[in-house]
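Before any questions on how it binds or moves, here is one chain, the form predicted on its own, in structure tokens.
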Amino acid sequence: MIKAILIFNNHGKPRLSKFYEHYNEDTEQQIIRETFHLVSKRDENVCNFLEGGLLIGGSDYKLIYRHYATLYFVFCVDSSESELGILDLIQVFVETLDKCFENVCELDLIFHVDKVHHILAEMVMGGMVLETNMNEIITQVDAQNKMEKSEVSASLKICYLDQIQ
């Protein structure tokens, strides 16, 4: 099971954090800091798996991560998850973000956090992987975007009709 999904930049600033277990805010911030220190000090040519930090469960959990440009994508998982499966899930997540934002960058994660969370929710819910097919994920995200646009259009039309009456 996935315990947490964290994205932070090279300086340790969190750009997305999704915890699938309840922690208070201070503990979440400590977990993010500890995870950043564990992952960022590793060389680029070493394995992308390591034991979780003390705050997130120690050796019972693994941190599986990928470093793309200025962002670290880190999944904290228990021993029931496949390391290679999670690496593939990270790749699908990044490729989906890339398709949705046309060359995703750190600013996209900052200014479109709701859309990023929606994409993530299409893939993982309650710590369980729901979908790994990028085309299916993009289809669902596009359907949501279309629905949002039609709602905005309908509400604008209602406002306009109210004004002219």
Partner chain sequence: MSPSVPLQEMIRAIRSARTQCEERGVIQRECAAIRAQFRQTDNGGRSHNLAKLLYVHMLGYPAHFGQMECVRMIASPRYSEKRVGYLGAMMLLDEKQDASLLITNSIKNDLSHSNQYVQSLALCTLACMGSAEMCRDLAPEIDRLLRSSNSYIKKKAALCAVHIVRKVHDLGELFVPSARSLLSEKNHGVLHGAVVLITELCERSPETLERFRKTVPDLVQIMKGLVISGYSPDHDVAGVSDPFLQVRILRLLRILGRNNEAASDAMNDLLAQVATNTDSTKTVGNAVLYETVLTVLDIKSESGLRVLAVNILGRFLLNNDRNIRYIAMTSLQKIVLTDHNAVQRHRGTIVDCLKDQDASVKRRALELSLALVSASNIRSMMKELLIFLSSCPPELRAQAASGIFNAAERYAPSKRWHIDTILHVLTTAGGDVRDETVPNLIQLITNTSELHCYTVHKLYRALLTDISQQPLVQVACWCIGEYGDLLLKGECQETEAVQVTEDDVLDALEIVLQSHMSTPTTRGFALTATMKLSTRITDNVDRIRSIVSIYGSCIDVELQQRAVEYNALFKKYDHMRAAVLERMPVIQKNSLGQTNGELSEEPMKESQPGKVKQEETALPPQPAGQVVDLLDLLGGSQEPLQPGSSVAGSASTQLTAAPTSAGGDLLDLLGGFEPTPLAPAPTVTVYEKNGVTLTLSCEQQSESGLTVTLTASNSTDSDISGFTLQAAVPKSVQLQMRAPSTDCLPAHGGAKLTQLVVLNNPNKVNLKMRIRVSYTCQGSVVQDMVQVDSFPGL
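Residue numbers count along the first chain shown, from 1. Note that the coordinates shown come from a computational prediction; the quantities given were computed from them, not determined experimentally.
One more form of this protein, predicted in complex with its partner chain, exists but is not displayed; see below.
Its partner chain is not shown here, but in the predicted bound form it comes within 4.5 Å of a heavy atom of Asn48.
Mapping the unseen interface onto this chain, Lys13 counts among the residues with a heavy atom inside 4.5 Å of its partner chain in the predicted bound form. Contact annotation: Asn103 falls outside 4.5 Å of its partner chain in the predicted bound form, judged by heavy atom distances.
Contact check for Gln140: a non-hydrogen atom falls within 4.5 Å of its partner chain in the predicted bound form. Taking a 4.5 Å heavy atom cutoff to its partner chain in the predicted bound form, the contacting residues in 107-126 are Leu107, Ile110, Phe111, His112, Val113, Asp114, His117, His118, Ala121, Glu122, Met125, Gly126.
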